[in-house]
Every structure is written in structure tokens, then in C-alpha cells.
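Presented as C-alpha cells, the chain that follows is alone, the form predicted alone.
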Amino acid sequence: MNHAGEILSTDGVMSKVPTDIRTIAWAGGSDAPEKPNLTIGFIPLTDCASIVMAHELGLDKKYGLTLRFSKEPSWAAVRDKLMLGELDAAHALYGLIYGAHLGIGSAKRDMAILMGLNHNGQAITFSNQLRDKGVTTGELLRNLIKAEQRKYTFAHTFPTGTHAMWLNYWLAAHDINPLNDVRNIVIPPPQMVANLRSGNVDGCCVGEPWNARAIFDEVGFTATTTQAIWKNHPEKVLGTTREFIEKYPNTTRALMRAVLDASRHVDTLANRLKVSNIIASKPYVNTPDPVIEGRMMGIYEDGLGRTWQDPDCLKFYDDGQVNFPFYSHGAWFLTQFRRWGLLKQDIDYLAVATQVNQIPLYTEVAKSMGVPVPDSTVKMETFFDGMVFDPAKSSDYAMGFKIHAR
């Protein structure tokens, strides 16, 4: 599995990385990584692919690094170990980094998003018990909740994380208050399927492959994908602390280059089957290959008999659009923190985003590699319910919804 010093070509053939190429980024002496041996945290999810492949392809060696991975049991563990310096960087939820930066649910620490790792590729899964009640859509779920006295239980993976925001947004868009009308709990991603099977939860929002695994194990079905909620939404990021960047600037750039190279490789469809097999293995996600392969290739089935080819499946590069850390993406997550009561008052949303998202650093690295960089650091976004996010009007947007925390 560990092919240090080797790189996988687009035709799937392993070959040695010549020493002169491997040392190109650090042979200049002053550009050498200050800390060549790094510990990178990750959660067993399909979207850890680009950081895993940065090592499996030998790209860490190419840039003078050796990456060691630490498989973490929960997003809380990722956050805590990042903040304590036990992890140098991590595959992290977008909102996790912002929550830590603001001290929401933890101590406050200056944090940094180096780059995006993926867009899309999460889903909301319902249990078979809901299917048996005839509930397969948000509208039918709303009708059931209004008709019955019991509270149905829905899980996400972390209070400030992406899955909490997707679940809350989707429920509220169907006139279901996620704070009052359902029971809302946190469960680590690898434990979601077991909790669906046992009946502890009626539905969940989680990353792949756990939605596909619920179908594979015949314990649930896909109610919606997150790309159907917000096409090409940001998801996981390469996160670290501000202190790490300041202490190890060359190391930071080398890590970003390795992961950018890997992102381009993983985003090539011809490579995805091999990549799926690698990340499905025991050291990483530890699940049967077919559970990852289908949705990684954009082949979806919902567990109710519908199949489709999704052009908006997991994206890891997309000509650099995935990796560019738009300030507006950070601002959107902050508006949702405000909407759901995680922030008690308005803040300067874009100002905080400029503290966290390292666009100048990313731009420097990307341009040195010939990776396209967008002309603007912000952009407007449109969601499935027709709501438009204008980052210049973040405060109005945050509290402009019918359903929000009081």
C-alpha cells in the first residue's frame, strides 16, 4: 500500500520518482521544509482521498516530506489534536476550523484553512423504518412530524460542521425546525450505519461512503444528496493552526503542493477506480471496495430503485475551483452559525473569513504550479430553495430565514 518514492501515472502504472524531481521543491536549501515529518489527521471518509494519495503516490517525497496519517475516531478528536499540536494538519470539516477559531464549543485558537479538499459528495439518509411509514421526501417527513407526537431523531457529525449545516438547512427548507421539531444529535461518521441499523436514529447527514454503506447493508436510503442542496458546495479542507504556518512556512507550502498534485490526480476519472481501492483498504476507510467505487465514479442509486449518473459527484480539483478557499464560503458557514444560535450576535463575516482562509498563500503556491486561480475571492451562491447568498449582505442573510434560532 505504501509506495514511498513512487508515483501512479494516469494509466495506473507505478514508477519510481527520480531523485532530482523529488528534491526539486527543497534542493535550494533555504526552501527546505523546516519540519519534513508530518502527522496528518483524517476521518475514514471517501473525501480523505487527496491527502491519502499525496502519500500513496509519493508526492510527499517529491516535495521533501514524509506524511504519517492518524485515523481519528471523531471530529472532536481532530479539532482537539489540531489545537494541541498533536496533529500538524488535518482533513477537516470546513466549519470545524471556524468553530475552533471562534472558540465555539472549545478553547479559542487562531486557525487556518490552507485549501479546499473537495466539493459535494455528502447525503441525507433516512432509515428503512421511515420508508416503511411511506416517508421518502422532506415534504412527507414534515407531514409525519406534524401528525405524530413523538420526536424523530436525526444525526450529524459535529456541531459546527458541514453536515449539521446541510441537515439543518434542508429540514428548515421543508418547514421542519431542526432545533425544536426533531431531536438533533452528534454521531461520528463511521458509527452512523450501526445507529441506523439499531434504530437509534431515523435519519442522518454524513459523508460518503456511509450513505452508500447504509444502502449496501440495507438499513437506509438516500433522501437527497448535498450537491442537490447546494451545487458545488465546499466540504472538507486542509486545516491547521496559524502558529504552524508561521513556524513552518516552507513545510506548509510543500504540503500544499503535494496535496494539490494529488487533487489533480484524484479528479481524473480514469484514476478513480484505483484510488477508490486504495482508500477503501484497512489503513484508511476500511470498507468493501464497491461501497466507495460507485459514488466516487458518480454512479448513484438511492436504495429505492432509482439510479443515475451524477455530474456533480465528488470533485477534488475542477481546474482549481475546488481548492481555492473563497472568503465567501467561510462567510456562509458563519451566517449559519448565527442562524442556529452558535453565534449570539452579528460579526464582520468576511473579516473573519480573511483571518482564516489563506488566499494569499494559496495563490502563491497555486500560481507556482500552474493551477488556475479565480479572479475574485468572493462569489454569490444559489441554493435549491431559491435563496441567494450575497456575501456583501451576510448579516441580512443570516437572520433572513423563516426558521432560525431565537
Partner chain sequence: MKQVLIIDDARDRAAWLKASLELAGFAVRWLSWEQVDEHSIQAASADVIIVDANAPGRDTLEQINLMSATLEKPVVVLGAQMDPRSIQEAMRAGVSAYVAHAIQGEDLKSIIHVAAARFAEHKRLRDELREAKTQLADRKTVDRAKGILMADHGYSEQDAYARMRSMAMSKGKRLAEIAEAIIMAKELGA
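Quick caveat: nothing in here was measured; it's all calculated off a predicted structure. Numbering follows the first chain given and starts at 1.
As for the form predicted in complex with its partner chain, it is not shown, yet the points below apply to it.
Taking the partner from elsewhere, residue 30 is found to have every heavy atom lying beyond 4.5 Å of its partner chain in the predicted bound form. Although the partner is absent here, residue 221 is not a contact residue: none of its heavy atoms lies within 4.5 angstroms of its partner chain in the predicted bound form. Among residues of the shown chain, residue 249 is not one whose heavy atoms approach its partner chain to within 4.5 Å in the predicted bound form. Contact annotation: residue 345 falls within 4.5 Å of its partner chain in the predicted bound form, judged by heavy atom distances. Among 145, 76, 297, 245, the residue placing a heavy atom within 4.5 Å of its partner chain in the predicted bound form is 76. The single contact residue among 140, 83, 228, 173, judged by any heavy atom lying within 4.5 Å of its partner chain in the predicted bound form, is 83. Comment: 103 to 111 is the region of 229 to 237, 103 to 111, 317 to 325, 208 to 216 lying near its partner chain in the predicted bound form, near meaning a non-hydrogen atom within 4.5 Å. Contacts of stretch 172 to 187 with its partner chain in the predicted bound form, defined by any heavy atom lying within 4.5 Å, are made by 179, 183, 184, 185, 186, 187, listed in sequence order.
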